[in-house]
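For reference, the chain that follows is the form predicted alone, supplied as structure tokens.
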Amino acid sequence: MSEPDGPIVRLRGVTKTFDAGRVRALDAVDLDVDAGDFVAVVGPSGCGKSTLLNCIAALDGVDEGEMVVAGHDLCGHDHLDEFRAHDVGLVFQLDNLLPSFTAAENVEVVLLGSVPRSARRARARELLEFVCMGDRTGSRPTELSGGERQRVAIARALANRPRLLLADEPTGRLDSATGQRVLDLLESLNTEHGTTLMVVTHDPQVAARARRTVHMLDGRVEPEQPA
């Protein structure tokens, strides 16, 4: 699919509720993210940051509004399987690696059914080398440190060559030095490879690495201050 005209993420009036409408997690959110940008989404706990990312990833539906992400109309259910398979990658605070799989197999699993076995193996080796885990391809998650597991999770998120990478507190469970190395990796994806990044964080040091910061409060996106 060719690059869409305009922002890679375009939200208008997006509202998401839980508990039969009693909890308004997102409240008429308007947001544009340009292709190639690196955006940090910040705000207090419970303000809707993670819900926003889940909706952009098409993991959650919305109650109202318009969402066009990577050229797909998510509210109109425009080829959501294709969108999830090819256009978006996800990294979470918990690495969610499969414990019985090796690092390489955890990367390959994303490509099962769509890529031949030899190509899957080559792609996994390439990505694990990229995240400096080329010497741990045969290791299982229990044999890896927290930072190593998170690097494998990033490699897995990149397996489908996504145009948009969404990360929810990717350094939240890491010590500061390991977190900085993970941030260096994410930043290089943006600056050297042009991957669009949206990172949810409560850490001001993480937000400082982004090109743009989006502040949320009570399910709303706060007006951005001029630089």
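Quick note: we count residues from 1 along the sequence shown, nothing fancier. Keep in mind that what you see is a predicted model, and the values were worked out from it rather than measured.
A second form of this protein, the form predicted in complex with a small molecule, is not displayed here; the remarks below concern that form.
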Q. Applying a 4.5 Å heavy atom distance criterion, does Ser50 contact the small molecule in the predicted complex?
A. yes
Q) Might Val14 be said to contact the small molecule in the predicted complex, defining contact as any heavy atom within 4.5 Å? A) no
Q: May I ask you to check whether Ser45 falls inside a 4.5 Å heavy atom distance of the small molecule in the predicted complex?
A: yes
Q) Want to guess which of 31-39, 157-165, 186-194, 50-58 is within 4.5 Å of the small molecule in the predicted complex, heavy atoms only? A) 50-58
